[in-house]
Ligand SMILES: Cc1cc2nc3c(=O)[nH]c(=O)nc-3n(C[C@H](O)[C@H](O)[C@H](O)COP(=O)(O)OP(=O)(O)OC[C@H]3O[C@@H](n4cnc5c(N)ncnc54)[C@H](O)[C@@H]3O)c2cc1C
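What follows is one chain in structure tokens, specifically the form predicted on its own.
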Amino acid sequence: MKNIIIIGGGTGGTMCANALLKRINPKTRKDWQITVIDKSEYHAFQPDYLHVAFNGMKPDKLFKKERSLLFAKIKFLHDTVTKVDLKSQTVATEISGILPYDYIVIAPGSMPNYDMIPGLRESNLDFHTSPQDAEKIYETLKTSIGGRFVVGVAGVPYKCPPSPNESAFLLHDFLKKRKMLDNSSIIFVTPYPKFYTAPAISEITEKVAKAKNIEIVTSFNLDHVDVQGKKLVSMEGNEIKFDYLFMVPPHKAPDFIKGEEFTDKDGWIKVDKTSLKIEGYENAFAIGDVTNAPTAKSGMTAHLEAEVVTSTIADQINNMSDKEYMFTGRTHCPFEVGDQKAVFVIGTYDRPAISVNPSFENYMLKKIMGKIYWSTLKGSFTDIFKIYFGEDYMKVVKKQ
């Protein structure tokens, strides 16, 4: 029996496993075991953490058991990976021991790095880490009588690029609904020189923020949080006081790949940005938040990267080697701006994000994407996605 190991049961890992089972030729499928390894039994729909924090959505609606999201022939190990050895083609885990592989896809996502900023953990409420933490924000807001609400980006990199900005708008909606705007202020803080990193998107959304009296503080490089004084202190010595702090923390790669030869100086896995192959290896791939590919750390990115990787592996197994599959760097991040309106951050490696006006239609499209999410993990709606994304879905070229 030959083995394909997929580390991580998030969007990318789950889609990879299911797509591979469908794409490997039935005549040879019996010779291959696909195994997904994840330290959690549960799969969460992370984009809705924002709505747990600011709309009171119940966390239990965001979870499904990972086993239920995988086809029956795929093996799921609820286990913790401790080491990946690409040279010996093995994965070490706490429970299952040493597992050999013929192909590997590393897709464990990223994790918050609170240790990077002293005082942040003690002062911050974070909707990014878990829905349970996000729920603490909503419980805090329900008892608040107003004050200085500071939201934004505590440090880089971080996953889901628009989410800190979205938090400012959704917080505004909450305070408006509770008639608390007159005795509250919202301050959005970012280390970037603009409200949002993509200029075309920033120009539009910054106007919306200013119309809502959201104060924007750019180029603020957070050094530490003064817990007792309740203030942010920048590397340059500037200070911002707060009554409530809802910041997205910086993120890092999982500890099990720390210091490995296939990671860069910041700890991310070095990949070819189009093939997603780990540098120096033909049978090892990485997708999603854990890579150093110059694109968004988001679920849709992982989705499209999974399509490239599964097509590549399946063709090799099926002895069909005349095509090369390439990830275009496509980003497609929904970005709510409050009042049931949204924009989409759309771009590729070759095309910067374009300007998109906020609309109710975009807001509904985001909601629809959330509704069909669970089905997409098993390959439903793939043909629709191919039509919707067009040539950005995946570039396919004939090998010379």
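Computed from a prediction, not measured in an experiment: that's the story for all the values here. One-based numbering along the sequence shown.
The discussion below concerns the form predicted together with the named molecule, not included here.
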item: Residue 40: touches the named molecule in the predicted complex, heavy atom cutoff 4.5 angstroms; value: yes
item: Residue 313 within 4.5 Å of the named molecule in the predicted complex, heavy atoms; value: no
item: is_contact(residue 334, the named molecule) in the predicted complex, heavy atom dist at most 4.5 Å; value: yes
item: Contact flag, residue 114 vs the named molecule in the predicted complex, heavy atom cut 4.5 Å; value: no
item: Partner-facing stretch of 79-87, 96-104, 237-245, 182-190, counted where any non-hydrogen atom is within 4.5 angstroms of the named molecule in the predicted complex; value: 79-87
item: 284, 300, 225, 214 - the one with a heavy atom within 4.5 Å of the named molecule in the predicted complex; value: 300
item: Residues 119, 149 and 249 all lining the named molecule in the predicted complex, heavy atom within 4.5 Å; value: no
item: Partner contacts for 9-36, taking the named molecule in the predicted complex and a 4.5 Å heavy atom cut-off; value: 9, 10, 11, 12, 13
